[in-house]
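Here we start with a single chain on its own, the form predicted alone, put down as structure tokens.
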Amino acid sequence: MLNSILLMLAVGVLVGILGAILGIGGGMIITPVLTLGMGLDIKYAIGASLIAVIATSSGATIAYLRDNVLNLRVAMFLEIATSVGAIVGALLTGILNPVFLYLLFGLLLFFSGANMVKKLWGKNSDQITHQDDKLAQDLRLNGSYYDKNLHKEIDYGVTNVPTGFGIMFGAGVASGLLGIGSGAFKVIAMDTFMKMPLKPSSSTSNLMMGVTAAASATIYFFNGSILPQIAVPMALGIIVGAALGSRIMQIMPTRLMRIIFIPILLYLGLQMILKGFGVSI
């Protein structure tokens, strides 16, 4: 029992750091550890993953709000699309063939990974967009943040708002229909399509993940799929890890964040495409 608690604490710290830096849930780490390493049933692993997302969001968002890194207006605007999409996805369960969505979003992840590689190789790998976008201005989505790595205030504009909204609606549908997390899609919607800098994209994704996961976690809690002996020590470790990760992210070069994020995007894309063909990894 003590060994399991210590393992959950250690996994929680790792997941919290990674999640806070990249703005993604820890399901890809937690689920294999719980199912393969501890022999836990998949439904309990999913319940633990949801708690992990909420804990990551709680631990990181406090720091990002205090330091004004995340874009609260973008988060609330895109969360509308995600929430509506998740409801639609749940209603389409058993009606729509999920193979199409697995392949479509797998290819989207590959495209975003390739776009990040292109940014790494380019001379202006993280050029900030100052293009005037009427819809973004009307909704007051443009923002600024202080980059502690560059030691200067960064003003940025948001573009392609309908495209970002559409991708988040699709990600919500995929989440509701396929039961997958959408943290990676939140980041790529903002970074790749809406042209936000990666740091505000990641921190904004952290806030949105917690809102989305809280609704699902309620259902898992009442059907008994959340085990306190697993969730509590892991959540404690995650809160500590997220607090550390939120500080590391702000001083980390954006280029290094992309180098870490690219293999994760490609792995998730490959996983989804293979699932579309009936193969699990």
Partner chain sequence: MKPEAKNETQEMHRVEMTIGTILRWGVIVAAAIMIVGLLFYLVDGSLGVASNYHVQNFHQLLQGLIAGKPYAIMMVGIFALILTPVLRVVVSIYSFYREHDRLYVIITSLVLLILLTSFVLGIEFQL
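Residue numbers count along the first chain shown, from 1. Note that the structure is a prediction, hence the values are computed from the model and not measured.
Below, we refer to the form predicted together with its partner chain, which is not included among the displayed structures.
In the predicted bound form, its partner chain sits beyond 4.5 Å of every heavy atom of residue 39.
At a distance threshold of 4.5 angstroms between non-hydrogen atoms, residue 35 is out of contact with its partner chain in the predicted bound form. Within 4.5 Å of some heavy atom of its partner chain in the predicted bound form lies at least one heavy atom of residue 5. Under a 4.5 angstroms non-hydrogen atom cutoff, its partner chain in the predicted bound form lacks residue 177 among its neighbouring residues.
Of the residues 30, 55, 249, 69, just one reaches its partner chain in the predicted bound form with a heavy atom at 4.5 Å or closer; this is 55. 84 is the sole member of 107, 84, 117, 96 with a non-hydrogen atom within 4.5 Å of its partner chain in the predicted bound form. Remark: none of the three candidate residues (103, 272 and 274) comes within 4.5 Å of its partner chain in the predicted bound form, counting heavy atoms only. Contacts between 76 to 92 and its partner chain, taken as any heavy atom within 4.5 Å in the predicted bound form, involve 76, 77, 79, 80, 83, 84, 87, 90, 91.
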